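Before any questions on binding or motion, here is one chain by itself as structure tokens, the form predicted alone.
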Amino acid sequence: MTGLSTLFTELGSTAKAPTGLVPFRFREVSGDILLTNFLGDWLFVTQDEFRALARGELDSASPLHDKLASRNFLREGFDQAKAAERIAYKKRFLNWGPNLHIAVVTLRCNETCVYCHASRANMDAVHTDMTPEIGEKVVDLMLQSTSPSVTLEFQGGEPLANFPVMKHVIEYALARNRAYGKGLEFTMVSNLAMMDAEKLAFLVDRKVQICTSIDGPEHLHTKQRILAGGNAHREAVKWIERINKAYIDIGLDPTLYHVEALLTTTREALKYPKEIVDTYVGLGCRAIFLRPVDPFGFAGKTAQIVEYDRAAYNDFYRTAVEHILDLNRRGEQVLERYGSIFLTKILGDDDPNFLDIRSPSGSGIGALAYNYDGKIFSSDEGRMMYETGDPAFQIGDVFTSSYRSLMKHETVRALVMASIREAQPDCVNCTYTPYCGVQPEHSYRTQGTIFGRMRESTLCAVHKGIQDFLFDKLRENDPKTVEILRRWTTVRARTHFIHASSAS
């Protein structure tokens, strides 16, 4: 920001107050100045152009005037009705209600991970298994959501460790949904080491989307994920290949239907940005989510091993995504998920409704998490905090809570207020406010307040670093790169996984 500081010093007392501009925010990116307005329109200007704006010297016959007018930065000709339509479209998720319902069917897990967020229990801790009765109550509450479509996501622990209850809940949900007619989807997040042919056949038949964890190449994965008596990486790879083949066997397009995998970026992983990308591409994955390590669960206790400065993460991200862009230029269709989320909002008027990067966040009003014992939380992160001794985000239980009481819970209301960017002191003037989002549980876990201090937030550092990188690519305006980035915003719906039951 040295350039901007010098620029404002140069303005002096003779500068006129700028007029005719809509409110905008600005940030220096690689020497040029990025302007954004409240609609999410953006524009790069040179430092000389910005100096002219700041001095109130905008010439109505200048190219700069035309550029500003074309991107809705001038009051003259501003279409208020169209602006209202655009804002309503971007925020249409507020009309829905919780569409993601996370059911932790057990805390038991057969793997030990250095960054475990889920607070796993040993395999003999059967008291942490969800019962069929609690599973049915989860479904009953989920189907009361005002959202026209809902996703029931099975997590653990390792959800396959309590497979009979998972099966029961799926069958119960399919039967109950006949009375509601919602678009219904199932997903399962599993390490796959407890998969077998019978379970796979059921999951494929019931159209359950399967997601697993891959930390990168085998030496990194097995160092961080210990499978007693086995090799965690080889088991995951073996079942990824079998599941993908099962999709092909029933006639699904393998470029759209395949196992999704998630990365948790630890300190050790920072050494292998290109190797991690190549591992994912080799497994047939079309998307890589370069998520930094979270502070929840056991990861809070192992921070001295897995944590790192976020500047190091941003270097890792840039190296990995540059490699992904190179692969795209050579014809490989693969994207980075963080980039895709931000670019969808930067390059268009859509919002992918990713719950942790929207305003307000999805805590409570976009997602609910159900623990194995029936306790309900505003998010899975809130549930993780409960498992490590802090019940701050518990908003009810399946035995006594109504859907209405959950939505009106004082904690949910506080989370909504805390995650509206325009109400945050550190976000209100941020250039990236139109595209960004905060996760209040993360602020609470790391700073002791749901409102957070973004200038000290590791999550904010990640979001800013990624958006700096993306906007720098857009500033460079290389046609091939911009085409690739636009392609990352293309949505191909996986309609096969939707159970579109008609109410009866």
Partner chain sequence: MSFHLGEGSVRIEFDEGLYPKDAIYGAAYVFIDRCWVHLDRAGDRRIQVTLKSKKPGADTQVYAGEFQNELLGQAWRLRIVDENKKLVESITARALGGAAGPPGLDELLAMDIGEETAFEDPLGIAMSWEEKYKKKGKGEGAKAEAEGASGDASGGEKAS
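Numbering follows the first chain given and starts at 1. Quantities reported herein were computed from a predicted structural model and do not represent experimental measurements.
We do not show the form predicted in complex with the partner chain, though everything after this point is about it.
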property: Heavy atom within 4.5 Å of the partner chain in the model of the complex - residue from T112, T319, N429, T388; result: N429
property: Selected contact from K245, R330, R404, R75, since only one has a non-hydrogen atom within 4.5 angstroms of the partner chain in the model of the complex; result: R404
property: Interface segment, criterion being heavy atoms within 4.5 Å of the partner chain in the model of the complex, picked from 43-51, 463-471, 65-73, 449-457; result: 449-457
property: Contact flag, Q424 vs the partner chain in the model of the complex, heavy atom cut 4.5 Å; result: yes
property: L174, heavy atom within 4.5 angstroms of the partner chain in the model of the complex; result: no
property: Contact test in the model of the complex: M188 vs the partner chain, heavy atoms, 4.5 Å; result: no
property: Contact test in the model of the complex: K91 vs the partner chain, heavy atoms, 4.5 Å; result: yes
property: Residues within stretch 92-107 having a non-hydrogen atom within 4.5 Å of the partner chain in the model of the complex; result: R92, L94, N95, W96, G97, P98
